[in-house]
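Here we start with a single chain on its own, the form predicted alone, put down as structure tokens.
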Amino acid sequence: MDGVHDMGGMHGFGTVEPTHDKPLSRTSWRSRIFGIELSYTQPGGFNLDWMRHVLECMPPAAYLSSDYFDRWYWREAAILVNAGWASIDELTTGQAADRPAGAGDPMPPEAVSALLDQGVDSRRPDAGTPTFQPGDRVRARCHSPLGATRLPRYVRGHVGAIEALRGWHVLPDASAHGEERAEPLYCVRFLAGDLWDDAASPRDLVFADLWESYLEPC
């Protein structure tokens, strides 16, 4: 993500406090949102990258002040309204006016469990020779795209080294807008001290999986 939505590596938000006393219970609204997320028929089919892009469209103040699963609700509402499958009045009243054309039936419970176990696989067959090899020094590009990206802001402009090649994977930046395009994915090693100056131990390393178009030789 980009903008305020890219919270990885940002300071000032305090420590992450685990909520062991508030798990996702069967009676929790969070569990219901999680179940709806997996079971409902999405316009255009399930696309994780598009869903992340929709989250990026939330106003910063609303995003930062919302609970994690609140954001999921607002995202699904936006997806349905954008596709014409629901109206603002229907969301406000909780009453559906009619059934959207093209909407399929929700998955049965056993299929939801199977989908959760299966996950989403972004791997694709190799489609050429990767530009970089383990040991190569690379620089993460300085770019701030308008759409989705999985290039963390805190590594942009910094130099690292290729640790490993992960194979070819779907590029999220393209997938979020309906184009399936695969690129080599690399594990890139950075010195934590290069990313955060004296805020990090000089012995610490940061490993980021980055697509080829995120990188340039140096």
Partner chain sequence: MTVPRDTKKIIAIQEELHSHLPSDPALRVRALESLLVEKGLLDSATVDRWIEVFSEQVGPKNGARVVARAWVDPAFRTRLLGDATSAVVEMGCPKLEANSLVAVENTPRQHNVVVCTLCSCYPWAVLGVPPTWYKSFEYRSRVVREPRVVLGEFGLELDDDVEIRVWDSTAEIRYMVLPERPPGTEHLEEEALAALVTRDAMVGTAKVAAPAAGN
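What you see is a predicted model, and the numbers here were worked out from it, not measured in a lab. Residue numbers count along the first chain shown, from 1. In this text, rigid core is short for the largest set of C-alphas that superpose within 1.5 Å between two forms.
Same protein, other form: the form predicted together with its partner chain, not shown, and the subject of what follows.
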In the predicted bound form, residue 144 touching its partner chain (heavy atom, 4.5 Å): yes
query: Taking heavy atoms and a 4.5 Å cut-off, does residue 152 contact its partner chain in the predicted bound form?
result: yes
task: Could you confirm whether residue 129 comes within 4.5 Å of its partner chain in the predicted bound form, counting heavy atoms only?
output: no
message: With the partner left out here, check for me: in the predicted bound form, does some heavy atom of residue 138 sit within 4.5 Å of its partner chain?
response: no
query: Comparing between the shown form and the other one on the rigid core, is the C-alpha shift at residue 78 2 Å or larger?
result: no
